[in-house]
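Next comes just one chain, in structure tokens: the form predicted on its own.
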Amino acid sequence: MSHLSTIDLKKELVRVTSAYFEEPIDYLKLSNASTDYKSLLHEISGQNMDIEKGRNDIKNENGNALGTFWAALCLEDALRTRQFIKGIDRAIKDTKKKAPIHIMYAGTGPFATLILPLILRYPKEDITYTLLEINPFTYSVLQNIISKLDLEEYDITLVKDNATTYQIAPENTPDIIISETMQSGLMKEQQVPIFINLMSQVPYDTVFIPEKIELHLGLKKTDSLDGRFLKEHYTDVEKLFEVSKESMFASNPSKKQLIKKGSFAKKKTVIKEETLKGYSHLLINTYIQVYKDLKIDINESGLTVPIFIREIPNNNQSTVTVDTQYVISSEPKLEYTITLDTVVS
């Protein structure tokens, strides 16, 4: 690809990423598109990221920022990439505002994977971009990508900063904020503190993508032991935690302050013995509403793989109590304790 001109590289990127915009989803085409997209981006960057500084995460008191190598791998999650790109495109089209609209992308990775296809598809007068990235190596690769694609003519501001503390200029608030900085179960990474920091500074009608993330306590059927992960093998018991404007930014100012400090409500879930019959495992299920009806369901992506937390014995005669609380720390996670209360017959 290195023989291609900048204009041809742009055309090739638009061609390769066209599968992300198609309806209905063709999973084989999507997989092939992700392979080609990744290959083209690596070719453009000309950078080996599989080195020590590329593999090292940036550790913070409120979670990890992925190492450059790992962030680049996210592209291989084809449905995740498609739903986010498609969701951002839909949000842009839904933004009823005089151009230009302002998009902030927090945690870009080395390629700004989720926004790059859209930069190339919209007139440069229509959108301004703020690309926010904390990892110095990732940031330098991103600078290189922007330069090699000759995107300096677009209104793109690159910012090397921590999205969990970054202060948005009041005169330049974004209309759309994007941050996909998460793993299944909202573990380890900074999705929640990024959401809280950025959304607390902007008007309530600002679109945040993903719009909603839910963690549910779930059960897995005993007869699903053949290695397949079908949706019908799982059932939800109760929602444990939600990241969304509705759940985190109520009109009560004191509640907003409480959430800003990262203090979330504890939850107690009691599952009776009869409810557990026919199930082999307790688990945490992750659901993502990217934008409106564009969603990522359980096990459709690495972001929504069920997390197994306890085996349920075949001869179970206990009521199970699960106490949970989402905690922001150097390794954010949904903390839980499980208590078995034997049923006396």
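Residue positions are given as counts along the sequence shown, with the first one as 1. Keep in mind that what you see is a predicted model, and the values were worked out from it rather than measured.
Below, we refer to the form predicted together with a small molecule, which is not included among the displayed structures.
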L75, L132 and A163 all contacting the small molecule in the predicted bound form, non-hydrogen atom within 4.5 Å: yes
Touches the small molecule in the predicted bound form: L116 (any heavy atom, 4.5 Å): no
Contact flag, G109 vs the small molecule in the predicted bound form, heavy atom cut 4.5 Å: yes
In the predicted bound form, R80 touching the small molecule (heavy atom, 4.5 Å): yes
Heavy atom of Y105 within 4.5 Å of the small molecule in the predicted bound form: yes
Options 155 to 163, 140 to 148, 121 to 129, 94 to 102; stretch whose heavy atom lies within 4.5 Å of the small molecule in the predicted bound form: 155 to 163
In the predicted bound form, the one of L66, I298, V290, I284 near the small molecule [non-hydrogen atom within 4.5 angstroms]: L66
In the predicted bound form, the residue from L186, V207, L240, I194 that sits within 4.5 Å of the small molecule by heavy atoms: I194
